[in-house]
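Okay, here we've got a single chain as structure tokens, the form predicted alone, with questions on binding and movement later.
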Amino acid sequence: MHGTALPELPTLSPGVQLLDTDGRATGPLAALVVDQVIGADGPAVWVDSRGHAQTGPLLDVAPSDRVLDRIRVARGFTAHQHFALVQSLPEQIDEDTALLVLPAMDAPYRDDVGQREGERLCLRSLATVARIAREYDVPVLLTRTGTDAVADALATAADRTVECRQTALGPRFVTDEFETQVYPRGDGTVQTTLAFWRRVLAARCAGVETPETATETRPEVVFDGAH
């Protein structure tokens, strides 16, 4: 941001946000999730699809391995598994939840069911997610993989969109109120790479143990749900 010593990532406000990328969302998604978790006291609840919940990308940007202890992941491989996990979310979410994450939310609903059934299940899942966002005042972060009616439903349900575009200088985040600027490295060049965001996130949580001082074994993300 202009005039600030410490760059920022876009703030995820209560409500449904769609992260719109021009490639696989794993890295930008990890940066936004970690930033949200370190700025809150509660956990992130993550309903995974298409293998986005990977320890590696999260550790690449996390200022402390302990951040991953507060990310709770369940995987849904089929439309009905994913749907069942989403319907169980009201039992997993409360006022302390920092973030609800559903990457590639449209993907399960077009693989092993017919188009009409997939759209029906996806719309019901979206209704559940939107209700959770309203009732618990919690930020929800979605991504999509397609360009069909199922994917369009995610964009329609979102209260706002966070765009992430890859540039020669790294990922660039843009919302209606925010735009990632480029930052000097001191050698005449600039960067906004995810390695850079790791240093930004470390500086944003001064009270959290950093990788340079951490001595514990790196944990895995906490997994449960349908495998």
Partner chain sequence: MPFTVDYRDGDVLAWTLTDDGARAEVVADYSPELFVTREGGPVAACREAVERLPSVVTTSTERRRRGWRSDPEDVLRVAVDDVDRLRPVAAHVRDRGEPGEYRCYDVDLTRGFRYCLDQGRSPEPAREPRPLAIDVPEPALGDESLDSLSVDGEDYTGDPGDLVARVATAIERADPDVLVCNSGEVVPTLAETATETGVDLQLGRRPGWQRLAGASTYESYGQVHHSPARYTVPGRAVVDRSNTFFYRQAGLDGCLDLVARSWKPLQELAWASIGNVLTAIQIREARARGVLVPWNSYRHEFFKSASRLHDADRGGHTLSPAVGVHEDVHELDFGSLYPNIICTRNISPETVRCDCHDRADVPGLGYSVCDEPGYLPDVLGPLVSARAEMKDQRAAVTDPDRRDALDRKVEALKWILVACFGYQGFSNAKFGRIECHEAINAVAREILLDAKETFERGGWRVVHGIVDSLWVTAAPDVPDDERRPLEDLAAEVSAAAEIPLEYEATYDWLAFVPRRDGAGGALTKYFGAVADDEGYKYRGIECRQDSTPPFVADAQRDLIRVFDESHDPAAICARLAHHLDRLRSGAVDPADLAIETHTSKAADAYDQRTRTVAALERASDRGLERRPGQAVRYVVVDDGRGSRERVRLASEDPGEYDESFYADLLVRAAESVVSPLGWDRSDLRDRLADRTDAVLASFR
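The model shown is predicted, which means the values in this text are computed figures rather than measured ones. Positions refer to the first chain, counted from 1.
This protein has a second form, the form predicted in complex with the partner chain, left out of what is shown; the following refers to that one.
- Residue contact check for residue 49: none of its heavy atoms lie within 4.5 Å of the partner chain in the predicted complex.
- Among heavy atoms of residue 71, some come within 4.5 Å of the partner chain in the predicted complex.
- The closest heavy atom approach of residue 89 to the partner chain in the predicted complex falls within 4.5 Å.
- Among residues of the shown chain, residue 81 is one whose heavy atoms approach the partner chain to within 4.5 Å in the predicted complex.
- Taking a 4.5 Å heavy atom cutoff to the partner chain in the predicted complex, the contact residue among 201, 158, 59, 164 is 59.
- Among 107, 133, 85, 98, the residue placing a heavy atom within 4.5 Å of the partner chain in the predicted complex is 85.
- Residues are counted as partner-facing when one of their heavy atoms sits within 4.5 Å of the partner chain in the predicted complex; in 124 to 147 only 124 qualifies.
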